[in-house]
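Before any questions on binding or motion, here is one chain by itself as structure tokens, the form predicted alone.
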């Protein structure tokens, strides 16, 4: 590993040189045509290979329907020209919301989702032409140990106890784990949410199994007794049952996707895809078995991720220049983090065959994303170039690349982690740098409220 460095490249030749010095596997190509190639997803077709990854704003209405900030965000994403737009985490049950303003689709608010989706499709036609139609996927989730459906304190629902994560969430050894009966009830709620999503006009749903939320934690529930823990078959049971329930309810013409963790970067027996002796060593056996299972269940779209954004190694999934408060500087170069993420996607795409896989971890590369993304598409390391934080800062990047062949450096995300900090501070998140008029006041408001809570807690501890 090499020392962490901030992004300081002006020319393509400079970043190519650093990649060579580090000896990491990141490729570049000048021919950007793969980015404009259509991609088949089930019975739909994305008109280009750019994807907006699910980036949560924590800013829906109280009933879970899209607020004006949500509608604005997806209008901007759609107008930006990506072929695939992956809508953010949408809770399937009230107690599974990660925050009081998390998106949640219900029979009562489905028409509000339909209206927001229509606005987005119309925005794309205005900028990309009347014939342009993106594929829209809605991510379905249960937040598990990170549930906070009301107030400022969490109401965690845990699959197993974890000596590293429990203390961070105020969970004691005596707190119960979620019952098998409760877990058995969830596929029905995924199915109901999927039917609502289909009625609203979405092309498909994602059953989220990443970033240590409930479905992700179950993948690593080695210590859990009962039918949802221990063996690989048990640990994947809820995911498999939910896929089957959604397919039965929504039909074969509806896309089912899965965004899942390949590598938790977390010690055994609490981490998925990790060596039993050294948790920084990747063990591909179960992730590959998971991909095989997902493909056998008829999954239409995959997106692999890694790590836990709530823990101390966020660079595993989102390399950065500056991290959010309290997170240590990694002892690896961001290009090493990116190379590792690319290697995961390459492996998953090879195992998935014709099922398209969305790549991630591009944002730190800034204006050089098109050259790297095109190379990854050309050598079949992935089928989509997924943009997360980059989309929040620079939603029209796909249009700029497709029409002008470049991304503007002054519009790129600078990986300062302010968007993450707003979320950690329990605010409404967005880019406080490139979209400062809207989000800098919200960043400052959330920081002030978080500091007030911290000061109050300190006083209570001292008294």
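Residue numbers count along the first chain shown, from 1. The model shown is predicted, which means the values in this text are computed figures rather than measured ones.
Not pictured, yet referred to below: the form predicted together with a small molecule.
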Among 59-67, 46-54, 401-409, 33-41, mark the stretch whose residues have heavy atoms within 4.5 Å of the small molecule in the predicted bound form.
46-54
Which one, 143, 99, 120, 317, lies within 4.5 Å of the small molecule in the predicted bound form by heavy atoms?
317
Of 377, 89, 302, 214, the only residue with a heavy atom within 4.5 Å of the small molecule in the predicted bound form is 89
Using a 4.5 Å heavy atom cut-off, state whether residue 26 contacts the small molecule in the predicted bound form.
no
Taking the small molecule as it sits in the predicted bound form, is residue 426 in contact with it (heavy atom to heavy atom, 4.5 Å or less)?
no
Tell me, yes or no, whether residue 383 is in contact with the small molecule in the predicted bound form, where a contact means a heavy atom of each within 4.5 Å.
no
Any non-hydrogen atom of residue 210 within 4.5 angstroms of the small molecule in the predicted bound form
yes
